[in-house]
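Coming up are structure 1 and structure 2: the same protein chain in two forms, each one given alone as structure tokens.
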Structure 1
């Protein structure tokens, strides 16, 4: 069969690699000059920066995404990663000397003595959830299904709670509650809208201390986080070379303007220059709304698919300031990644985001040092720093192009709370706004990580109302992280082949 795949981001490359592996003819189209979508690096004044994912889960040896890539002979060079958290008036920084897997619980008991009992209960619940997670990731079998069901019993009573209800169940102090729900604001999700079980899953303790062992009784028990040495673009480079070495074609600088549908079946693609390329199967990625309403055509959709397109909620954009600096920020921060929250009011933060009000750094931001996992990104003796935050795609007041310098300066000024004198040490600066991400991802509304993981959300499914047309990528997956996107693309390919 001949496959046309639209988009050489992670989803398109995984889908294409699977089809090539099975001996199919594959052409992947992407508008950008390099493959990878948001995995591709950007450059400025002799420095390189990550413009997409930073902290990756499920990618360490024995984890699902690593197994997926291993099918194509891809073994990435990884290092474990973790992050510090700065709340408005307390810090959670990993201790210099390892204090065991529960050091955060013990430190929080000192900070919030009236919540000590709740913290003990939360960590018992957390351990039970890690058992569930372990069983979820096991190879499907009758035995693992029983183990999964059994591990779910102790947490079942929490399964109807929202994230907010769950943290209120365990903790009285809202400052403590916000520590566990803060990450949801990154997803533009209000804690009232998200399932409570997402709280332990998005707060894996291994993500706060890279020394916590991942194995228990000889089994890979806990999920860990990693950085890819050499940067995320390595995933795209490795998948691209697997595809092209096995007969697939990747056409870069090529925009697909239309998916051609004949007699209710996908028949190929028309490129922006008018060329028609025939295919038996078409797989598209990118924005669900753009793809179906512009590239495919609304007339081919049924009412239930149209309803999903109208109601699903993509995340918002990011505002990013990349800086080349003449000092090593890791020496000051003690870590390569730091989440700095500016507010405990996550309801207001997500509401502002959705209403197009940029918080101007007030609600929080991240400090990330890509030259930690990839020293070659910076000239000798120099380092890369990225300061970034979630931001609306479209500003209620003003536009990104005219406001970006001012907003970048404000963000850097706020970053000086943690990196004193930062602005005097910047040798190169590159600002990325929603407009840059729209261009990179070919979306008319930039959405940095996929869809908001709210309860009952229905994303555009892989299988579409058009025969042999499949939808893959970040907007078909809740939360849209790397494993969701690559696992989703692999599942879509398998479903497509079965038909």
Structure 2
């Protein structure tokens, strides 16, 4: 069969690699000059930067993403790492000397003594959730299914809670509640609309101390976090190489104008230059609304799929300032990634974001040093720094192009609380706004990271009302995230060839 894949981001590359592996003819189309989508690097003045803080889980040996890439003979060089958290008036930096896997619990008891009992209860719940996570990642079998069901019993009573209800159940102090729900800001999500079980899953303790052992009783039990040495674009490079070396074709600088549908089935694609290329199967990625309403055609969708497209909620955008600097920020921060929260009111922060009100760094930002795991990204003696925050796709007042310099300076000024004198040490600066990411991802509305994880929300399914047309990527049913996107694309391919 011939497969036409629209988009050479992570989903398109995984889908294409699966098809090539099975001996199918594959052509992947992408509007950009390099493959990878947001995995591709941003370059400026002799520096290279990753598109955000890519400290990733599921990628260490024995973890799902690592196992998937191994199918294609891809084995990445990884380094375990962790992150610090700075709240408005307290800090959660790991101790210099290792104090065990529950050092955060013990420190929080000192900071919030009235919540000591709740912290003990939360960490019992957390341990139970880690058993659930372990069983979810085991190879499917009757035994693992029973183990999963048994491990879920102790946490079942929390399964109907929202994230906000869950933290209120365990903790009285709103400052402590915000520590565990703050990560939801990355997803542009209000704690009242996200499943409570997402709290421990997005606050894995191994993400805050890379010294925590991942094995239990001789088996890999916990998930770890790490960077890819040399940068995350290596995933795209390796997948692209596998595809082309096995007969697949990746057409860059190529825009697909239309998916051609004949008698209710996908028949191929028409490129923006008018060229028609036939295919037995078409897989598309990117913005669900753009893909189906513009590239496919609303007339080919049923009412159920139309309703999903109308109601699912993509995330908002990001605002990044990439800076080449003449000092090593890790020496000051003590880590290559630091979450700097500026507010305890996540409800207000989310509401402002969705209403087009940019917080100007006031609600928080991240500091990320990509040259930590990829020193070749910077000239000798120099380092890379990214100051990153969520932002509206479209500003309520003004526009990104006219406001970006002002907002960049304000963000760098706020970053100086943690990196004193930062602006005096910048040698190169590159600003990336929602408008830039609309262009990079070929979306009419920038959505950096996929869809908001709203309870009961249904994202556009892989299987579409058009026969032999499949939808993959961060706005599909799998949602965003490295493993979710990759595993989702692999699952979509397997479902496709079973039909």
Ligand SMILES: Cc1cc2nc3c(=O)[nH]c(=O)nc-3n(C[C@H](O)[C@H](O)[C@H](O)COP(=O)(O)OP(=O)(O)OC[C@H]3O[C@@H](n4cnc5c(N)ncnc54)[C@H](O)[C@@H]3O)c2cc1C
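Numbering follows the first chain given and starts at 1. Only residues modelled in both forms are compared. All figures in this text were calculated on a predicted structure; none of them were measured in a lab. Under this definition, the rigid core comprises the largest set of C-alpha atoms superposing within 1.5 Å between the forms.
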* **Structure, 1 versus 2, that is the form predicted together with the ligand** => 1
* Asked: When you overlay the rigid core, is the Cα of residue 479 off by 2 Å or more between structures 1 and 2?
  -> yes
* Asked: In sequence order, what are the runs of three or more consecutive residues whose Cα atoms each shift by at least 2 Å between structures 1 and 2, relative to the rigid core?
  -> 477-479
